[in-house]
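The chain below stands alone and is given as structure tokens, in the form predicted alone.
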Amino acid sequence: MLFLGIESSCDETAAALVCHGRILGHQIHRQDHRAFGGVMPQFAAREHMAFLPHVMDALWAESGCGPQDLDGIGVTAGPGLVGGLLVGILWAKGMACRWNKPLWPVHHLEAHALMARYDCDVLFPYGLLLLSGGHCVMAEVSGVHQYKILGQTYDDAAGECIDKVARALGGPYPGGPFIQQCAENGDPYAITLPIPLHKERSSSFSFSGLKTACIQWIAKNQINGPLSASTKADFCASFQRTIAETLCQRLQYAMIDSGLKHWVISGGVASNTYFRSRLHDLCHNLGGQLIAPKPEHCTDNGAMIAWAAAEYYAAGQKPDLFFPVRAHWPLDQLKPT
């Protein structure tokens, strides 16, 4: 079975082909939003329109396949930026009509959640810690379209906090790789920062207060000039440790309350090796196991959409040609058919 996946929910234009658990081709165009300090929706939509045809042509050339060979198509239907989602959806619907192929609307977060089953062959049920620029969710995954939310962010997601702090330091967008690189030579205990919700026993998150505290610290210490390389390294290491502390605390509560021993970490922030190491140690100490997709499969990509379409097919989810675009789409609204 050959499945095509198209992803255009944010600032990556991506497409991939998956056949019998193997990626036959994967093409991705990463947009440059550094001039805006974050993703500009209008610019993103125009970039998707301009580059999706080239991405698709390159995918067919790489794989040696054509649309006539497909057994199914998956496309991100939400959540995400409406303009970008529409570009991918209209392309996928047009292809499905032209070649008479079944089409599945893929939930972007579920694609992240299921990608671990491609890389690591995880069995249901398992716990999910999804960390990205716009989402921060703790959930129990019982099957395809079967989610129980254990906790989510009250305000900012971890990825957004990291991006905004990196920008305050003069770093590029996205800020995750910049923060991780700066932190490598720093002392994680050099600077004391507030650990979000440390007195609340729950699996929920909040990163707005930490973001504000960090930006204020940077502004205060840059009054007389830019931070030195050593000070910046110490700050980034301390900032990274503070986020890891709250993630570990939240995951510990979720593991105890749910009884789940196998946990998947996914989303763009999950590509951070320091976070992976800290969470792995926590799960091991509690008698559990942390499972993570490859770092290149944590960030937005087309392979996770193609794999989700294959999972939908295997689970008996009915294809749908008349689905709407969904800017907001909670995971627990999904229902198996």
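Please read these numbers as outputs of a predicted model, since none were measured by experiment. Numbering starts at 1 and runs along the sequence shown.
What comes next is about the form predicted in complex with a small molecule, which is not displayed.
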{"query": "Segment that reaches the small molecule in the predicted bound form - one of 200-208, 69-77, 127-135, 147-155, heavy atoms within 4.5 Å", "finding": "127-135"}
{"query": "4.5 Å heavy atom contact, Asp300 to the small molecule in the predicted bound form", "finding": "yes"}
{"query": "Contact test in the predicted bound form: Gln249 vs the small molecule, heavy atoms, 4.5 Å", "finding": "no"}
{"query": "Any non-hydrogen atom of Ser271 within 4.5 angstroms of the small molecule in the predicted bound form", "finding": "yes"}
{"query": "Contact flag, Glu110 vs the small molecule in the predicted bound form, heavy atom cut 4.5 Å", "finding": "no"}
{"query": "Heavy atom within 4.5 Å of the small molecule in the predicted bound form - the one residue of Pro226, Pro194, Pro177, Gly170 that qualifies", "finding": "Pro177"}
